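Shown next as structure tokens: one chain only, the form predicted on its own.
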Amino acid sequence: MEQTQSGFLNNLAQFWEYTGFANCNIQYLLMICIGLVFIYLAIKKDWEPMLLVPIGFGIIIGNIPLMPGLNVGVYEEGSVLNILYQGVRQGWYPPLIFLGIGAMTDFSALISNPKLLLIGAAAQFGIFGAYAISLALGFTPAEAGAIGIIGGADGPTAIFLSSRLAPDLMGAIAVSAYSYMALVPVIQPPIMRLLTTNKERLIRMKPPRAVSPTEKKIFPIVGFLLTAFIVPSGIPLLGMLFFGNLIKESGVTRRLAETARGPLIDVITILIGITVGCSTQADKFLQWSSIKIFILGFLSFIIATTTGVLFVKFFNLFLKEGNKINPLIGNAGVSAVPDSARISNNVGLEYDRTNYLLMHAMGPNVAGVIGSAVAAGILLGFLS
């Protein structure tokens, strides 16, 4: 009888050792709270719910304290989560996301007013500004390049580049990039108001010209050839982006386009969100380097928004009256599509209820998508 009781107690003790309660510490609880905050912001504030809900729940999944050897954690070779995470670590998911983005993007605003491409290019200074600051703070050139891409406000590009240049920092970089994408409505408007005058905010731009179907079909082919020849290392992202747009605009591959911009991108978004969230395991994520990455990501986002707005103000010095660009669309040079363009429109409507800037802002916004992919290709080319 005593032996039976002793065996039962031993079994209970062994069971207890395998529970999350026995392996828990304050770090895991802190990360679980962060995951809950992400979910709260997504549901209550409606901040990028398609991203923050999967990432938030992934953070919770990844921070359930585990007994080593259970082979279920995201960093345990051969586990289900580890297999799914390979799409992030090996860079498989980002090109598929870009395929979907291309299939849902209308480049008409950019085609009708090509000079808006320059705004998207100017906003990429946030990437290279953060790169320089990261180097000054002691990060290696490869790590600095991966951190700098956060300034493009493009989560898939950040994952793609960091998987190549700094896989050990990928969790912090990806979460930072997606967090600041969600915070676009909070970060950008104060900068836009600070850098513009009331007169500039009231500038009315000419309506964009009508773009022919032929132009829309030619653009992805010409756009890909030009960008791919400049930065061949960006082909995985640029190729899928322009291919997605071609199947949308060709008019003969409707089913492919609907699949790319619907079920495919939804599935990949779920997998990226969950696995990126899981990668924020407390013992690997809660480090001083992660805090520095979040600070640098914030700075890069500010630099990108600032340079986009200031470039428009500078560009206007060379444009005749009536052809000037409203500087409020300068923020849309980052590639947070279409949120940054919506912010341009919303801030503009605060000062003139009849001045709709959305269509104009979509030009630099889609240019920012191309620009961030080109910038990633440049960094990958000379840092890998």
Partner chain sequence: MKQIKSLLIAGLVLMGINLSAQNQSDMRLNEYLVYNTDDFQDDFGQQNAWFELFNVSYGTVNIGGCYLSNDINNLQKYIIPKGDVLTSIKPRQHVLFWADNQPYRGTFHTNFTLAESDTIYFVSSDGRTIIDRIAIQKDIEPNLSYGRTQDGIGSVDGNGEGWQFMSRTSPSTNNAVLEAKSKSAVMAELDPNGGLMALTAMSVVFLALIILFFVFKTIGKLATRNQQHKSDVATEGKITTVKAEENTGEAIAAISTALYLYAVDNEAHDEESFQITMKHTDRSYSPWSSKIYTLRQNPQVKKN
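As the structure is a computational prediction, the values presented were derived from the model and not from experiment. Positions refer to the first chain, counted from 1.
The form predicted in complex with its partner chain is left out here; the points below concern that form.
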Practice task
Given that the partner is absent here, state which listed stretch (97-105, 262-270, 118-126, 288-296) has heavy atoms within 4.5 Å of its partner chain in the predicted complex.
Solution key: 118-126
Handout entry: All of Pro114, Val222 and Leu379 within 4.5 Å of its partner chain in the predicted complex, heavy atom check
Key = yes
Problem - Touches its partner chain in the predicted complex: Tyr85 (any heavy atom, 4.5 Å) - result: no
Problem - Heavy atom of Pro236 within 4.5 Å of its partner chain in the predicted complex - result: no
Exercise for the section: Answer with yes or no whether Ala132 is in contact with its partner chain in the predicted complex, where contact means some heavy atom within 4.5 Å. Expected result: yes
Practice task
Look up in the predicted complex whether Ile370 has a non-hydrogen atom within 4.5 angstroms of its partner chain, and give yes or no.
Solution key: yes
Problem - Heavy atom within 4.5 Å of its partner chain in the predicted complex - residue from Ser179, Thr306, Thr227, Ser279 - result: Thr227
Practice task
Report the residue, out of Glu258, Glu76, Glu200, Glu215, that has at least one non-hydrogen atom within 4.5 angstroms of its partner chain in the predicted complex.
Solution key: Glu215
